[in-house]
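What follows is one chain in structure tokens, specifically the form predicted alone.
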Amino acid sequence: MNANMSNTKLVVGNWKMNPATGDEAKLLARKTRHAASLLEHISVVVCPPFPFISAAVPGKKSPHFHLGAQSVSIEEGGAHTGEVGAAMLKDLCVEYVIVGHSEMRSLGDSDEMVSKRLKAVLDAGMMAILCVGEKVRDESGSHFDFVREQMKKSLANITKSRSSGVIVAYEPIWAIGAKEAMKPEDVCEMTIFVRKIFSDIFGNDTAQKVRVLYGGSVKFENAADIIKIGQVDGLLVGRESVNVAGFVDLLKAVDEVK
């Protein structure tokens, strides 16, 4: 992990379209919050579906537990049926918002749209978790070009002064839902590359401060190695984040990494 970064790791739980009820969401948030409160070197962000954000709001602020959202509208308000604006999320105590997730991109989000969502999050004073990652990985190295272009286009409307509000989550699409996560050594290579692109855009001083996360088939069995060997500042966790027992074990494993 970057020597200039805090020892605190960031673990983001993307609940996706889970659980089925508000009561389940409240229970899941409470158990996750309790687990986070017992750890020393970790901050946890949970990102419930929009209808359950209120159910996950903590009774009081905690340095170890934060609320996030899975996406945001590019619009501030008005006649946009089905959309949820940044100001609405901020009013619900949301501090982090995922933008550019591969599942949203597959539904039509272009890099330009992602850039607008990113700006909306930052303009509202929240932290943006920018997801990037290639669909396939081959020996030709084309995945480097893909990620470079994704980052440059997604960050096109962001000034250097606002870049401190951006967290980059490298999540190779081919690894999402796979039996095995990406090899930690390969994660390290991509972590360095992501920082290099961030440096090209905003300068080396800023690149040294940006937090880089990894996502894609993360479980408690591989979490520590991904953090330690992969040199990332945290994890973006999908399906395991709604499995309380497995997620708690994952958090403990990450917390023990020195």
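When you see a residue number, it is the position in the sequence shown, counting from 1. If you're wondering where the values come from, they're calculated on a predicted model, not measured in any experiment.
Form predicted together with phosphoenolpyruvate (PEP): not shown, discussed below.
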4.5 angstroms heavy atom contact with phosphoenolpyruvate (PEP) in the predicted bound form for I176: yes
Partner proximity in the predicted bound form: S217 to phosphoenolpyruvate (PEP), non-hydrogen atom cutoff 4.5 Å: yes
At the 4.5 Å heavy atom threshold, is E103 in contact with phosphoenolpyruvate (PEP) in the predicted bound form? yes
Phosphoenolpyruvate (PEP) contact at E134 in the predicted bound form, heavy atom, 4.5 Å: no
Spot the stretch among 229 to 237, 196 to 204, 61 to 69, 30 to 38 with residues whose non-hydrogen atoms come within 4.5 Å of phosphoenolpyruvate (PEP) in the predicted bound form. 229 to 237
Counting only heavy atoms, which residues in 13 to 28 are within 4.5 Å of phosphoenolpyruvate (PEP) in the predicted bound form? N14, K16
